[in-house]
Ligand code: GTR
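Given next, in structure tokens, is a single chain: the form predicted alone.
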Amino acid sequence: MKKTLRVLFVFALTLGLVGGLSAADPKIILKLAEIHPQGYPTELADEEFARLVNLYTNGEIRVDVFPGGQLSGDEKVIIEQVKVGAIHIARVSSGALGPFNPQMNVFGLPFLFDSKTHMWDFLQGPAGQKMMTDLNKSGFYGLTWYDGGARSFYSKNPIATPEDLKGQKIRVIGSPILLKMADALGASTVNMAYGQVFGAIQTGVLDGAENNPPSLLTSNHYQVVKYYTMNEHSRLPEVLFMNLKVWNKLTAAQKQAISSAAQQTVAFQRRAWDAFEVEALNKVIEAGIIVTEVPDKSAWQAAVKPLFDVESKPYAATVKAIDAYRPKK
């Protein structure tokens, strides 16, 4: 539900406090940007986070959630706005954070994680938590990780093997490594804002894109493509984060309340994601999308291994930490 923005508070919010309010009013109002629509798993987690922040601060802080790209349909723009403090909190893909915080580019490495369990074991371990802390270097304060599922290719044209991507015009999220991955597979890659993809596929500017099942459904891209091939080439965790200067102006008690609220939404978001992923796949199949599972990903992995070997070098320590959590075969 879209909240009413109190315009008179905007400048004061960036500074951190609004004084002279009645006991019924919050002292701080924070804007949270979300590109996905109401009911999407990350949006539901945003709302739960807002509820808990209000509860744990006894109403001192109110978080207003703006879903569906109301503040911007482009995560790059959202991140820029968080950096300057025009938006206080955001939920974005780690892939979109790469240009602002290079360590996040590691998640663009193809087939980095074997499974969802493998990813979460790493994210909740010391190295994953350090990556969250290191967002401070970019002017952000990392609150928590969320699940973003596995990304796969979808198109108007069949994609049974990596060779089928050759010549297809595919939109790829703005992760430098993911763009190179699609290029290595022979696709003609296009980097454009998420909100522009539907029209681009509909008019033939694009043949398809790559994303997870919930996004394929809620973006309505399933209405303009025919094939979804679940090669699961990447798992990009989602990040809930805020402007570091705004964070630093909070009291110790307020920081603790916000941190606790964020951590308590993780299990909530993961349950919502798992349920919606199944629902989304069922709905796109019912709509006529031909979904192909890829149990043996060796051909896809082999096609991008030279790229992985080169692009993983700057992230050797992180890749080693991820490998430490890899299930033994």
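For every residue, the number given is its place in the sequence shown, counted from 1. Just so it is clear, the model here is predicted, and its values are computed rather than measured.
Form predicted in complex with the ligand: not shown, discussed below.
Only one listed stretch (165-173, 107-115, 82-90, 131-139) carries heavy atoms within 4.5 Å of the ligand in the model of the complex, and that stretch is 165-173. Although the partner is absent here, residue 62 lies well away from the ligand in the model of the complex, with no heavy atom inside 4.5 Å. Under a 4.5 angstroms non-hydrogen atom cutoff, the ligand in the model of the complex lacks residue 207 among its neighbouring residues. Taking the partner from elsewhere, residue 215 is found to have a heavy atom lying within 4.5 Å of the ligand in the model of the complex. Contact annotation: residue 40 falls within 4.5 Å of the ligand in the model of the complex, judged by heavy atom distances. By the 4.5 Å heavy atom rule, the three marked residues 153, 232 and 277 all fail to count as contacting the ligand in the model of the complex.
Among 146, 122, 241, 194, the residue placing a heavy atom within 4.5 Å of the ligand in the model of the complex is 194. Checked against the ligand in the model of the complex, the candidates 270, 283, 31, 36 yield a single residue with a heavy atom inside 4.5 Å, and that residue is 36. Annotation for 62-89: the only interface residue with the ligand in the model of the complex is 75 [heavy atom within 4.5 Å].
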